[in-house]
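This document starts with one chain, in the form predicted on its own, laid out as structure tokens.
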């Protein structure tokens, strides 16, 4: 089954390119530590999901590119074409001459309705090329105007037009000290609208990815390109094919459906995060060896202590003893808090993968009391290595990890709203105070639900 990717705004288009490039490079990586036949099956499965074939033999990304300014889309198209390995479709882009000026209301209320027909027609053409549609993967930022406002509008229309297809939004959480003065307004409006129309929100925080670039990748001058390559690596480690079940050598057919089934057991809880281990520069990789026991021990501690990378994990955080009541519900302000999960999916790739023991992730103390570990935890495996890592593990988690950043963004937005700062920029495009209040109410409810796990 195929996934149609919708890349929105500058951020969405730049990340989208890196994601397709990472997927293609990995699936055509020589060796992959598996047999030729297995490698070919892996390639075919990746291609079915993310690429369609052109007559001249160059795979074409199953993607629609949308931005209100031409520059980034032109750069993205030529970058893909220059690679010579894959490209975007000739008629898969929509751009205009005027952006959204970092105003969510302009993207949502002006660009959205004005260009709805053109954008939805492009998406429909892409859908028609799929033998079978798994769903939509929508890449967007939360802080600007086009990705966030138009992104929320497009997601809503996808929900109306393709109600039975799954929608996963990949959201880039802005830097805490971002340069867009209204980023907190844009963020709460984006999140509240997506909570109503999307099936899952896969979140990456810019601050966390920046730290990975600095500490794990040893990059001195960090660019957006560096950040996007780390994001693409993490997304690839989730979306590349895995076996459909233990002992099987057939790859999963419905990646989005399987992800949602495993990770979103209730529509009140749909915020997902990704952790990945190991992640390092190619120079370091050549001198490193890993065991499954070591990788999984670190990954579990990253989960329960809410660390985004293996460096600087707090090893003091422990699960509450099974059978004992927790010492009270989560407080948003507590510094070191045990990170309770609703659901976790561990994805293992590489050598001796069938010997990896994931028993520690089945501890009931890791999960909310209303879900048994048998329903809350899943593991996917493949012997095919990911990129140049002999062994690697990814963890997609639906947990309390985003409560603190969400609470901070809501708090900052509320302070601005209470003093009525910049509201006129939104009301003149039809977003009323009532819309803001609805967004605050919905997100406060989300925070309360996660805190009460």
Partner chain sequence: MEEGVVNEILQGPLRDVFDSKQLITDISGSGNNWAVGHKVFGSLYQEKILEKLRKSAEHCDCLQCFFIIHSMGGGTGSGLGTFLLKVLKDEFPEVYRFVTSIYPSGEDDVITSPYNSILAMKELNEHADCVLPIDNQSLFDIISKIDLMMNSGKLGAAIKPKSLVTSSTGVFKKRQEKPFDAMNNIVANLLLNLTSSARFEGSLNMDLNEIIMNLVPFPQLHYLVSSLTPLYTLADVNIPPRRLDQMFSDAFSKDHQLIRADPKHSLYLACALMVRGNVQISDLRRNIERLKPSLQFVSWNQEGWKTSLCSVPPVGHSHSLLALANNTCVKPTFIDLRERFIRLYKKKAHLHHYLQIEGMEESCFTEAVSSLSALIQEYNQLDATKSMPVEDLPRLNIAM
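The structure displayed is predicted, hence computed values, not measured ones. Numbering follows the first chain given and starts at 1.
Only in words, not in the display: the form predicted in complex with its partner chain, which the text now covers.
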Contact check in the predicted bound form: 25, 165 and 253 versus its partner chain, with a cutoff of 4.5 Å between any heavy atoms. Do all three pass? no
Does the 4.5 Å heavy atom contact test between residue 98 and its partner chain in the predicted bound form come out positive? yes
Closest heavy atom of residue 222 to its partner chain in the predicted bound form, within 4.5 Å or not? yes
At 4.5 Å between heavy atoms, is residue 293 in contact with its partner chain in the predicted bound form? no
4.5 angstroms heavy atom contact with its partner chain in the predicted bound form for residue 179: yes
If contact means a heavy atom within 4.5 Å, which one of 213 to 221, 270 to 278, 119 to 127, 341 to 349 is the stretch that engages its partner chain in the predicted bound form? 213 to 221
Listed residue that, although its partner chain is not shown, lies within 4.5 Å of it in the predicted bound form (heavy atoms), from 29, 33, 41, 416: 416
State the residue from 192, 102, 229, 306 whose non-hydrogen atoms include one within 4.5 Å of its partner chain in the predicted bound form. 102
Could you list which residues of 67 to 86 come within 4.5 Å of its partner chain in the predicted bound form, counting heavy atoms only? 69, 71, 72, 75
